[in-house]
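Taking the form predicted on its own, here's one chain by itself in structure tokens.
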Amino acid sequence: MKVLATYSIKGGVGKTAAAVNLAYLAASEGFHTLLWDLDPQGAASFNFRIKPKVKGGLRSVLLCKRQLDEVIKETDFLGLDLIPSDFSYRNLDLKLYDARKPDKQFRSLIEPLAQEYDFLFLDCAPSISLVSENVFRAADLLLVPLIPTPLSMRSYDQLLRYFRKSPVNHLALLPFVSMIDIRKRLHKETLNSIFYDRKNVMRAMIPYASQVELMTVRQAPLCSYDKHSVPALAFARLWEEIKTHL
């Protein structure tokens, strides 16, 4: 099982849209896929028409009262399952501090799922915390959306500095451009510097588009109902590029 996390220190950069559509694309190719909504806001769960609620919260799982597979829900899409968000996730750092080996809890929780799923996607809340450290140790690929603005790039540079101090050798960092609006001069100028200064940024770019925002109205992945739209095709290109790194 490959574990892919959509992650950024900064919020509002398109993490959830990427996680939802990439997980759908994986499942549509016949891969048994699981998406874990780790954001207490529950946007990914909402996009799949699943109530963001885990009985007993993740605390019940961390205390070994329940197995992680007991909280998995089926989505409307064949081969795609979801671990819903829960509002208790907002206190997840505090619960992890009380556990043995607090930075390795996620890895232990997902190990029993490895025989059942081909891919696990983690949709992460924007933070740098003990939860983040768990994600870094559990994931194989860290997919980092970059809006072409100075603040977004500053957040990415902070993440790079963190990894220089606390390297996770098995983890591949795959940044990609998200929510780009080529009508904006700042976006175009920043985009040039992104590809000039950072050679590992993926070539596929996700545009800023109203179709992506309307996912919350349809409560479904964009690629499932409007697969020929510009942003859906961009997600498909991104998925193809990601697979070359697996």
Partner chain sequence: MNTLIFDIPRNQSVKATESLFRQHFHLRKQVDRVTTRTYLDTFDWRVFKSGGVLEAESDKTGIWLTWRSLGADQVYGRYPVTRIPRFVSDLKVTGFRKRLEKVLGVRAMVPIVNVQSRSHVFTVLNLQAKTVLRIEIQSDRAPYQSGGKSRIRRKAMLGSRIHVFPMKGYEKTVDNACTVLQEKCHLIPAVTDPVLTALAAIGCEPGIVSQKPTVADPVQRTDTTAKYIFRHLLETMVQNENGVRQEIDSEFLHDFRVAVRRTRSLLVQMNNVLSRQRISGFSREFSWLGKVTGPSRDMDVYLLSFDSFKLLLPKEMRKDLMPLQEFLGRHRVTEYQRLIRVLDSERYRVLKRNWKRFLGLPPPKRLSLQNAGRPIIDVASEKIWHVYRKAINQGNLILPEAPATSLHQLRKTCKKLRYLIEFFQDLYKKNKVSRLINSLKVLQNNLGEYQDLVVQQITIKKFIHAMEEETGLTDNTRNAMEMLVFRLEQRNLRVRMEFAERFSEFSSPANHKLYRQIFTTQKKPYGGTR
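Positions refer to the first chain, counted from 1. The structure presented is a predicted model; accordingly, all values stated were derived computationally and were not measured.
The same protein also exists as the form predicted in complex with the partner chain; that form is not shown, yet it is the one meant from here on.
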{"item": "The partner chain contact at residue 72 in the predicted complex, heavy atom, 4.5 Å", "value": "yes"}
{"item": "4.5 Å heavy atom contact, residue 151 to the partner chain in the predicted complex", "value": "no"}
{"item": "Residue 31, heavy atom within 4.5 angstroms of the partner chain in the predicted complex", "value": "yes"}
{"item": "Contact flag, residue 115 vs the partner chain in the predicted complex, heavy atom cut 4.5 Å", "value": "yes"}
{"item": "Candidate from 198, 49, 53, 187 lying within 4.5 Å of the partner chain in the predicted complex - any heavy atom", "value": "49"}
{"item": "Which of 77 to 85, 156 to 164, 103 to 111, 123 to 131 sits within 4.5 Å of the partner chain in the predicted complex, heavy atom basis", "value": "77 to 85"}
